[in-house]
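In the block that follows, a single chain appears as structure tokens, in the form predicted alone.
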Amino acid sequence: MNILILGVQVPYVRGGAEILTQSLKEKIQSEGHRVDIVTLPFRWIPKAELIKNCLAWRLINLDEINGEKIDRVIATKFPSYLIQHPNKVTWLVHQFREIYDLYNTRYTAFHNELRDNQVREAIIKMDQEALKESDPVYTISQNVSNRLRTYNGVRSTPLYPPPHMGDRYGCDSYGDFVLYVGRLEGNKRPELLVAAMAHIPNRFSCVMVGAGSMRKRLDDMAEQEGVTSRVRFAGEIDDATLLDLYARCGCVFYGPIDEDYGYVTVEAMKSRKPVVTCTDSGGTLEFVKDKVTGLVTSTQPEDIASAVTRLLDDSAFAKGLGEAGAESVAGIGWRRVLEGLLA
């Protein structure tokens, strides 16, 4: 088959969605199909640009390229699924959450005002129409499927994407530091771990992997909390360095707000490390079961600190949870994904 994967990217930003589309391309190629990725840039400031983004995808014709029929398109995140094609499959990373579950909260620029409501209503209407055209609709997690059903009345099937480093994850030891991996942005809530470090014994430290707009604020916060010497910002690192940190850390903290899926959770578990997450962290809770594969806590710094300290203090306990976590994600692989998307 001739297949096109549809991606959406904010220029200069690379995250889980970009990893997913590249990994999917490689796996489809390994099945003997001809495949490529079609990407359009995404911008939403001013807010009316969202409508233009939607129309751009709606107006593209990918039925054929240079006289060759395109047998299937696989849409991923908003608004790529607005494309019209006779054989469109959606594997939804997420919609534009700022007008759905994050609407009128501190995590969005969209609030209950006339212009915002007009844009919101227009996008919801387009989503409803476009998703009905897709057969079938898959998502990357049960959490994303739940949102689709709640806000759009669309039923879908979760297909969990495997982390992109395959079988390279491993465990060397249960060290004296907690690892954070993710963008340093508000919805990922890295500040929760920095605040918690003030309540974690001085013999323990944390390593924070990732970059983002909150870096300066986190530096200032670490200084104010008196934990600068125990919080190391590693920035963006290569795969080998990340694998090494996973292999040596005592546990992983990942506490975003209502996460779609969270590669970090699965990567940590494949590294046999327990995960500390929060009660409102969404997709992570599909894998982190309290005192089974990790620890689930409130967002209070003292509670997060207590959970992290317990794991760093007791390597046998951490190992037990890590082993259970590894077993729970052992079945996440590409075979089921490909069977769904290529059927």
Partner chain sequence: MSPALVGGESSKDCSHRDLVARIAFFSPLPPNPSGISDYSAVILPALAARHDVHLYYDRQTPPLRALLPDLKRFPHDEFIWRAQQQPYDLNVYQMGNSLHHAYMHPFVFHHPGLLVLHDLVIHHARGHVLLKNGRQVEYRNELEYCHPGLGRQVGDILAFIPSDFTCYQFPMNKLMVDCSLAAATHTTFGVHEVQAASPGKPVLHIRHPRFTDVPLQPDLLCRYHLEDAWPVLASFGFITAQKRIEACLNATMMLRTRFPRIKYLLVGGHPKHFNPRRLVRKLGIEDVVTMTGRVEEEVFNSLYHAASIVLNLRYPSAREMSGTLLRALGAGCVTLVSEQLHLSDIPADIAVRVPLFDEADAIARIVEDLMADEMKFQDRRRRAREFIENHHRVEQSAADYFAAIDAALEARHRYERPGNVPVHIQPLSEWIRTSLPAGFPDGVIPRWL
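Numbering follows the first chain given and starts at 1. Please read these numbers as outputs of a predicted model, since none were measured by experiment.
Keep in mind that the form predicted together with the partner chain is missing from the display, and what follows is about it.
Trainee: Using a 4.5 Å cut on heavy atoms, which of L40, I37, A48, V292 is close to the partner chain in the predicted complex?
Mentor: Of L40, I37, A48, V292, the residue with a heavy atom within 4.5 Å of the partner chain in the predicted complex is A48.
Trainee: Ok, E223, E129, D172, D71: which has a heavy atom sitting within 4.5 Å of the partner chain in the predicted complex?
Mentor: Answer to the contact question: E129.
Trainee: Could you tell me if H33 has a non-hydrogen atom within 4.5 Å of the partner chain in the predicted complex?
Mentor: No, no contact at 4.5 Å.
Trainee: Should R120 be counted as a contact of the partner chain in the predicted complex, where contact means heavy atoms within 4.5 Å?
Mentor: Output for R120 is yes: heavy atoms within 4.5 Å of the partner chain.
Trainee: Would you classify L59 as touching the partner chain in the predicted complex, given a 4.5 Å non-hydrogen atom cut-off?
Mentor: L59: yes, in contact with the partner chain in the predicted complex.
Trainee: Wondering, does K52 line up within 4.5 Å of the partner chain in the predicted complex on heavy atoms?
Mentor: Heavy-atom contact with the partner chain at 4.5 Å: present for K52.
Trainee: Where, among 195-203, 98-106, 156-164, 257-265, do residues come within 4.5 Å of the partner chain in the predicted complex by heavy atom distance?
Mentor: After filtering at 4.5 Å, what remains is 98-106.
Trainee: So, a 4.5 angstroms cut-off on heavy atom distances: do all three of F177, T241 and C278 pass it with respect to the partner chain in the predicted complex?
Mentor: The answer is no; none of F177, T241 and C278 reaches the partner chain.
Trainee: Taking the partner chain in the predicted complex, which residues of 87-117 have any heavy atom within 4.5 Å of it?
Mentor: Heavy-atom contacts within 4.5 Å come from Y103, N104, N112, E113, L114, R115, N117.
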